[in-house]
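Next up is one chain by itself, shown in structure tokens, the form predicted on its own.
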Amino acid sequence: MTTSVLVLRSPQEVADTAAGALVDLLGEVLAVSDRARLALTGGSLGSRIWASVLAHPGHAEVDWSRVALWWGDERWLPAGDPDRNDTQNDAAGLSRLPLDPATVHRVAGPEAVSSAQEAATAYAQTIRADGGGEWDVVLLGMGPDAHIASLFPHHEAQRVTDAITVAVHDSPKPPPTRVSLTFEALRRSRSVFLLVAGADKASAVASALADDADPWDTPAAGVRGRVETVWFVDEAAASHLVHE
């Protein structure tokens, strides 16, 4: 298992470089497997990566009909709400890829189920039905407080260890109700890509990469890929790292 940090000049370069790595890795997986399983992220970079994927010359070589998608977390809002991660990803370019709609797995909103817990349970069932949540790639963003997915510092959702998904209530960041993959589920990935930009996240990046980082304080420290973990960070977000 390796951890690497790529320091890039700008948020756009973060998106472009991560997109290239994603296209390459999906091609490698599909060369030896029937399907590639990818868990997506939200946020500005999580959305920007799709425009970068579409601009990458290699994206046309990927058989997107064999790529199954989930989201690492979702805001429990009605389908199509502009604040949902899947809505933002679609608008940024995801909907332009030739994906099989049957393998794009979205979290049910309040128009479909009665509670976030019901949405989380249904989401876990779809994951189990498709192999139990063994991801090839998990994309993650990170907040200034070092949260990833909807797992926030000192929040009880972090404590869930016997489930794939969790309903998150009283999120410190609006909206207050969400559905998230758990640490246990996020750690089932071959590769984890973290996309981070901005000076307001520099302290969190340094804390997450510290040898003594505690996920309770710094959730981004709690997820590592089984084969590789790659941080794609811009210069501003890397400004608190110690370069030897």
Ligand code: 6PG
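Residues carry their position along the shown sequence, with the first being 1. Quick caveat: nothing in here was measured; it's all calculated off a predicted structure.
Below, we refer to the form predicted in complex with ligand 6PG, which is not included among the displayed structures.
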message: For ligand 6PG, considered in the predicted complex: do all three of Thr41, Ser44 and His147 come within 4.5 Å of it, counting heavy atoms only?
response: yes
query: Does at least one non-hydrogen atom of Gly141 fall within 4.5 angstroms of ligand 6PG in the predicted complex?
result: yes
task: Determine whether any heavy atom of Lys173 comes within 4.5 Å of a heavy atom of ligand 6PG in the predicted complex, and answer yes or no.
output: yes
query: Wondering, does Asn85 line up within 4.5 Å of ligand 6PG in the predicted complex on heavy atoms?
result: yes
- prompt: Okay, which stretch from 122-130, 73-81, 156-164, 107-115 lines ligand 6PG in the predicted complex, with non-hydrogen atoms inside 4.5 Å?
  reply: 73-81
